[in-house]
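A lone chain, given as structure tokens: the form predicted on its own.
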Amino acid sequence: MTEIVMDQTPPILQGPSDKERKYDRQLRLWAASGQAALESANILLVNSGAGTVGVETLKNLILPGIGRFVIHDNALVDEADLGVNFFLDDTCYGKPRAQCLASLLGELNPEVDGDWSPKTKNDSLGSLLKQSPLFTAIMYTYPINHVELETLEQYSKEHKTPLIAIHSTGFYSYFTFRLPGTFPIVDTHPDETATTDLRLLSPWPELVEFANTMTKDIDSLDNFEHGHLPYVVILLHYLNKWKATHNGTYPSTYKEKMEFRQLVRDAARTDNPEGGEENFDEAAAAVLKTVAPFSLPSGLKEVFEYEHKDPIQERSTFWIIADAVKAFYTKHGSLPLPGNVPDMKAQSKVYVQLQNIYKAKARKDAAEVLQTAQAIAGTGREMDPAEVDLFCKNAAFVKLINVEGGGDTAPLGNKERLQQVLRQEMANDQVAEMTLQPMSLFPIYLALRGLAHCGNASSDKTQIVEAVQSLLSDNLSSEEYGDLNEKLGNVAEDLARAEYGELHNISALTGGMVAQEMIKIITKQYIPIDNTCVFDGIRSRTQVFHV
């Protein structure tokens, strides 16, 4: 009889840490790597005007756990602030607004370090930028002093720091991201079904051998085994049959694919107790998606064709791996295999075998890309296999942001871009009017930019229109200006009705949107907007422009 030892201590099970429990939901979105990027972020807010929208943005960055923030705000708290800013109370009256905001925002998350400026009359924005650790991103709110704006632009250019402009007035708002050159995103988090790449039209030897072995005597298999063949194996078997009767070609047209799908359906057994076979239904349903020749995705094609203007950027890890993947594509006519296999009806051991075949091929492809990348990088620089593996798995969904530059604080040469977008939006409005579709929000963006240039408090409808005309220059026709001025006038009236101030609910919503896009930039995950988003609070609509 086996002796039972009662004094053995069972192993201690380690549960999630306090931090993991605190950030559980967001860790499911951007994982530990994204959280680490957030916790190392150092954010500067240059607050001006009513300042509510900037504070609301910062709130939504502090809650998920950025590492550090600094608020630069020259204003003292007045009665207007107490009426519009949730993060100020009566005890703050007459005190530096930056100090009060930093203190109360810091209470939201004690793990985040907060600071404020200016603490003395001699403290300027320039001195703050020189004395502080390097900022991960800088955001500023309108209206802003032109000298401070130039200081921020110079810092952004020198340190390649993302610059975010935010403007909220009345029921309208917009924000613009000005990124330091072309911004690549590898971990775009595509839908899992979109990443499925089974390579049915170009199977490799191990997959062919596996499929041939399972379907060697397909007609003599019993009902259980026949009903548990993975649909990958089924499709490969009947593709070979199709090729044998069609001069060695795969089904390519829609008509041919329908005929092939019917061929697969007809092969299912109906004399079994179930009256059909689920695995053959899965195979038939997958025909249109999986029986298709490879084509290079537009996003990756843009990466392959990108012409570098900055030699330092060209030697970055991303571009070295991109060049290695391009070499792989040139050699094989396909991308590295992602390696994931969708769920399907099959016996567990067979499904695991199939998974291992795809994973082995994915590891082999990634190893080849790593070897090429290492050769490009040269001696003395080690490429991270994890980065190469991530790129290979997401190669079809890599995205470049800010390819053309631009941005809200772009130089005067950007007038041509504004005119181009305006003409396109006005043309779209003509079609939208006939089809009863919503009209463009671009006039709201122009009106807010005009308002920022002529100053909020003293602005009227005429001044806003004139400011927009100076932004666009004189290249528009009188007819174009006539249509635009009418729309600008309507927006200007709405701005005047709000007395050019901020509404807290609009600023809170806008702050949430800005923070969401900033997190994408900081973590380099998901696809951020490119590059300006306008919000119409009256009609509850948003629209994105590249200006």
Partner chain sequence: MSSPEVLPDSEAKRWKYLNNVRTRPGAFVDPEEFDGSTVVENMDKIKIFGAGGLGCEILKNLALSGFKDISVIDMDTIDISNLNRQFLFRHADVGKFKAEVAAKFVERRVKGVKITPYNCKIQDFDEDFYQQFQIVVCGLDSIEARRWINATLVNMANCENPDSMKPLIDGGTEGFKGQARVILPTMGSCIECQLDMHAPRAAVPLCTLASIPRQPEHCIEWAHVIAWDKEKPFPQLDKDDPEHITWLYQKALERAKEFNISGVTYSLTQGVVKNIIPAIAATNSVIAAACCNEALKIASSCAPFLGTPGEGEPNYMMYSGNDSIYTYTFKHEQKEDCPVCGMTARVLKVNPTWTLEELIESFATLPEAQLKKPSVRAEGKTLYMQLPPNLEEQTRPNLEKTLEQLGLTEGTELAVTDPAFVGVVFNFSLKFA
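Being a predicted model, the structure only gives us computed values, none of them experimental. Residue numbers count along the first chain shown, from 1.
A second form of this protein, the form predicted in complex with its partner chain, is not displayed here; the remarks below concern that form.
Note on the interface: of 86-94, 235-243, 257-265, 112-120, the segment with non-hydrogen atoms within 4.5 angstroms of its partner chain in the predicted bound form is 86-94. Interface residue remark: Q347 is counted as part of the site for its partner chain in the predicted bound form, having a heavy atom within 4.5 Å. Of the heavy atoms in E517, some are within 4.5 Å of its partner chain in the predicted bound form. Although the partner is absent here, A285 sits far enough away that none of its heavy atoms falls within 4.5 Å of its partner chain in the predicted bound form. Remark: L82 counts among the residues lining its partner chain in the predicted bound form, judged by a heavy atom distance of 4.5 Å or less. Of the listed positions (E314, E107, E302, E274), a single one reaches within 4.5 angstroms of its partner chain by any non-hydrogen atom in the predicted bound form, namely E107.
Taking its partner chain as positioned in the predicted bound form, none of the residues of 261-288 brings a heavy atom within 4.5 Å of it.
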